[in-house]
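Below sits a lone chain in structure tokens, taken as the form predicted on its own.
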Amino acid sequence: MELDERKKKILYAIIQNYLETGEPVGSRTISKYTDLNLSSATIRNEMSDLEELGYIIQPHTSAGRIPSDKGYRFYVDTMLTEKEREVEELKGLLLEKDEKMDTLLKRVARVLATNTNYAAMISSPQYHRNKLKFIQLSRIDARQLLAVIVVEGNVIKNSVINVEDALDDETILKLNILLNTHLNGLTMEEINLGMISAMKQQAGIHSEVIADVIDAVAEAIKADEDLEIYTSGANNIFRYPELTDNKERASELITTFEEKQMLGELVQETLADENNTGIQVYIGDEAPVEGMKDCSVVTATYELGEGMKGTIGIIGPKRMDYEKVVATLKTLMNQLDTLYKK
């Protein structure tokens, strides 16, 4: 007899709960661990069917159920098949990186939450400390120039520069040479006031054009522009009583995931550390986000090449399975590295 989806979910919940606690599992416990919204009586009936089919056993009268060898085998086989499918889907999305980056990141967050049973987040890649590759000024009309700014990762930004007097082709060419000679290959942090002053002096009466282009460059490589954060598994927090016993702190933690502003601060802090290219573990009060002081937070910086960096985070209780979380993050980072840098 093939198990229907309801029986599968109840069996998974029994096995996962038994793996976590080592105690026989009752129907009331399962009602809290599944999203079926079933009564304890209905779950008891389903558990009786699973017992009759040999997937679970009752160690003694009035006790809850534990998985049988047959139940474990079904769980492992199904889990392995599901994980293989998720990995293949993930690889497919990674290979379509140019068209489906947001879809990929959402899937990554979901897979991380599913695999770890904790909450997960991932930020969109940012061009951290990005270098300027090229500037091209061209005329739109007598009073406007178009500044095409190309930065690492071949990201192109266009900006309209207003001018008081029309510029001829020779002047525009000289300004292009001046800008590219001084600025190519530099990050915004390396473009200092002395350099800007010298460029303005060389530009003479067109010094304001130089100032406007510098502003456009700063906007083009601004680190926090278009930062998106994708989350999954926030409901996994309710699996752990130590995170939900204090209703106020639990609400604050959920709000952190929903509003994402503090998660953005976590991302910026992670990316701001030039030496932080590996995995960081924050325990309790070490957590950089106020709403996560009761948790452990494990973060990793992923790189997609050409200056593109983002942050992956796993948030769970202090008793989280650190070995599994770190191994999962390392595997994901290796997959990203292989696919984007090969």
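One-based numbering along the sequence shown. We call the rigid core whatever largest set of C-alpha positions still superposes within 1.5 Å between the two forms. Worth saying up front: this structure is predicted, and the values here are computed from it rather than measured.
The form predicted together with the DNA is left out here; the points below concern that form.
Checking 309-317, 42-50, 282-290, 296-304 against the DNA in the predicted bound form, the stretch whose residues place heavy atoms within 4.5 Å of it is 42-50.
Interface membership of residue 58, defined by any non-hydrogen atom within 4.5 Å of the DNA in the predicted bound form, is confirmed.
Among residues of the shown chain, residue 67 is not one whose heavy atoms approach the DNA to within 4.5 Å in the predicted bound form. Residue contact with the DNA in the predicted bound form: residue 6 places a heavy atom within 4.5 Å of it. Annotation: Cα of residue 66 displaced by at least 2 Å between this form and the one not shown, core superposition. Relative to the superposed core, residue 331 undergoes a Cα shift smaller than 2 Å between this form and the one not shown. Core-superposed comparison between this form and the one not shown: CA of residue 26 displaced by 2 Å or more.
In comparison with the shown form, the Cα-Cα distance of residue 318 and residue 17 decreases by at least 3 angstroms in the predicted bound form. Look at residue 44 and residue 233: in the predicted bound form their Cα atoms move 3 Å or more farther apart than in this form.
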